[in-house]
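Okay, so we've got the same protein chain twice, two forms, each given alone as structure tokens, structure 1 and structure 2.
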Structure 1
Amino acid sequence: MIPIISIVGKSNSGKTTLIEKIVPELMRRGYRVTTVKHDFHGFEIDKEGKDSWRHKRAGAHGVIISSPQKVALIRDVDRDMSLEELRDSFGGDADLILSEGFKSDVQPKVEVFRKEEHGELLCTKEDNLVAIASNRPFDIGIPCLDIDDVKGIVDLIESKFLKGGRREDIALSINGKRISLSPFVKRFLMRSIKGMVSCLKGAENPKRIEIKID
């Protein structure tokens, strides 16, 4: 599955700025990054008066705008989705999901800290904190990198989450609900399905398999 890392930190700590620095460095190394931003207050994204905006205003549950360069989708949901759900539904062909915020999610986190702004860290090791990017040292048993050491931060992300091959996993949804699977059932389903499809033409070396029955 696509690995997920959250860049967290108190307000004004520099989360967006750090993401703006590490995304190009990840790109330079050949990775496709999809970022996630939470918006507590809802958001307006399409431009008033555009056809797609008129579709949505008329009550469309979702609107897709397609062009040769990019695709946009706006869809109603009935609750906040977890990073795992967002990855499964919208991750597509990314190599890495990088979220800004999502402190309460279970995914691994890098905290941004600037001593001018705050006195204490937002997270502890128990929050699945894997590194700190800060302009003062912290000695709490996790790597603490300089906030401006973009190469070092990306090295850490790369070695921990991108190198050494992706951990193969399976996600199964039935009628829109994610089904939790034991390690044995996961292995059973993965091997059975891989075996079934691998004899099809064009499917000789199946790495990423997506199946929809509907």
Structure 2
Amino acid sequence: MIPIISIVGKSNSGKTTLIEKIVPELMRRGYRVTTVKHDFHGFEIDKEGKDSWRHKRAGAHGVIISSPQKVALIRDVDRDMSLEELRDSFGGDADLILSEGFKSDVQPKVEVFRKEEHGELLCTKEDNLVAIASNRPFDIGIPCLDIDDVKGIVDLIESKFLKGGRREDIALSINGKRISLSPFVKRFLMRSIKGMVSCLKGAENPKRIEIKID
């Protein structure tokens, strides 16, 4: 089951900024992360006049936009979906789902709190609050980390929700551009590289391998 963690907080607390820092650190550690943003007021991603907008206006229940780099789905829903439903429908092969908002959902939460913006916390332990990221200390029986301690926050997420460890994966970038690899090529490269590296003295049991060619 893919774990879900909600980054919550009042307006101007820095939820998006924290997510922007957490995601690269998780990726650096080898995890695949899917993010979910909750917008209570609704949103539009297909601009008027575009083909996808015309498909939707024609009455399509769902529109899929596909390209060699990414794919997007626009689909009608009849209610606000829970994080669990979103995970089951769209979680894919992620190791972790990180959401912004969803303060009323039952999933574990990390609250972002800035003393210059707010007077009191939004959540309590009863709201499944598992940690606080703040620029002031809190002593309420929940870990409170400095809002800029990204490594510490990710350490907590990793130890509490990713105990199974990261999936074995390989990534290839050429001239700074990420190259998509098929499952067959991934397996071939991983087995070949791990096999050669494990033969080297002092590298018999490699856990993480980084190769850079300039």
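Residue indices: 1-based, along structure 1. For the two forms, the rigid core is made up of the largest set of C-alpha atoms that agree within 1.5 Å on superposition. Small disclaimer: the values here were computed from a predicted structure and weren't measured.
Peer 1: Can you tell me whether structure 1 or structure 2 is the form predicted alone?
Peer 2: Answer to the question: structure 2 is the form predicted alone, whereas structure 1 comes from elsewhere.
Peer 1: Once you overlay the rigid core, does the Cα of I19 travel 2 Å or further between structure 1 and structure 2?
Peer 2: False for I19: its C-alpha shift is below 2 Å.
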